[in-house]
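In the block that follows, a single chain appears as structure tokens, in the form predicted on its own.
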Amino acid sequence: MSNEHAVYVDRLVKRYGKTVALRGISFYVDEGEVFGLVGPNGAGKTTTLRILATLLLPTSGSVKIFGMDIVKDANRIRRLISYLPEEAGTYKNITGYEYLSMIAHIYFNSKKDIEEAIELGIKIAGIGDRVYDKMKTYSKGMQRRIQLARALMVKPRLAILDEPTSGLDVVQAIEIRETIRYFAKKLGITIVMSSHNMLEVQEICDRVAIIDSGRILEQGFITELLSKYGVESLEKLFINLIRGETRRESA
């Protein structure tokens, strides 16, 4: 079954000592899909994404990326994915261009591929000539755009984005949403993302899983979930699920 999906998570458990961060969650993501993982702070979103990114080992359960096991095949998986942490730092004393160039040289060998990746990164970042300034002079929003550019410019098969529009203003956030949709729909890149912005998730994600206290409360296509629970927005569904106030519309 896992071979049919870009991501397949089965009964995933993660413990930190006596603290249980994930309590047997299961979900899948199809190739080319934008999948949203939403929930309150401490729900288990970042832990899940870090496991998908092969940065944390699961306590039990299994996770497969394009049919490969994240524990046994971690090195192979890392060549196919990119990961954007919520609090991604930047190198203060190099320019944005130098940073993107460094990333391109890590991922690619040919001069042509390197140049194309850098060009794409500059376009995604969208900060104009400031890309040639040292990153210590960047605003938080500019730093975020450089980091998103770094994650997408290599055209990974799977991009794992933790709060991709964190720190961006409304206009910048809209541009990033459009970029994410473009990479998924036009280039076939699979994207798994978390966000506190329910409007954002509703606009750009195909399906969603709502998680709280390490358990998935509901998952599915957003339009179907709204109809199922008789609500008009993902935000309302999210609040109702977290508070335990949901009701299904009768057939």
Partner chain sequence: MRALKQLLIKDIKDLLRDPRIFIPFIISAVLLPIVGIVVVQGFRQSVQAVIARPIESFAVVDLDGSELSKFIIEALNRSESVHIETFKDIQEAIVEGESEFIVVIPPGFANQFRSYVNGSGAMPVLIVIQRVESIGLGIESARAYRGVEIISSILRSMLANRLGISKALPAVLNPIASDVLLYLEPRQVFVYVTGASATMMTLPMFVAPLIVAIIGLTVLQIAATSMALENEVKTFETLLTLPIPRSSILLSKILGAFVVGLIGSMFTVIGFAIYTYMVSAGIAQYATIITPSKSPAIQLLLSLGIQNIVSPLSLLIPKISFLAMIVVSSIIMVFFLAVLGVVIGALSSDVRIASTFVGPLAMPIFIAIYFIGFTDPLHLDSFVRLVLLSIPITQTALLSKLMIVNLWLPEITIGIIISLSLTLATLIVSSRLLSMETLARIHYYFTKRKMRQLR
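Positions refer to the first chain, counted from 1. Keep in mind that this is a model prediction, so the values were computed, not measured. For the two forms, the rigid core is made up of the largest set of C-alpha atoms that agree within 1.5 Å on superposition.
The following text describes the form predicted together with the partner chain, which does not appear among the structures shown.
Interface membership of residue 15, defined by any non-hydrogen atom within 4.5 Å of the partner chain in the predicted bound form, is confirmed. Among heavy atoms of residue 87, some come within 4.5 Å of the partner chain in the predicted bound form.
Using a 4.5 Å cutoff between non-hydrogen atoms, residue 72 does not count as a contact of the partner chain in the predicted bound form. Under a 4.5 angstroms non-hydrogen atom cutoff, the partner chain in the predicted bound form lacks residue 207 among its neighbouring residues. Contact with the partner chain, judged by heavy atoms within 4.5 Å in the predicted bound form, is confined among 207 to 215, 52 to 60, 221 to 229, 183 to 191 to 52 to 60. Shown here without the partner chain, the chain has 147, 150 in 139 to 166 lying with a heavy atom within 4.5 Å of that partner in the predicted bound form.
With a cut-off of 2 Å and the rigid core superposed, residue 166 has a Cα displacement that reaches or exceeds the cut-off between the shown form and the other one.
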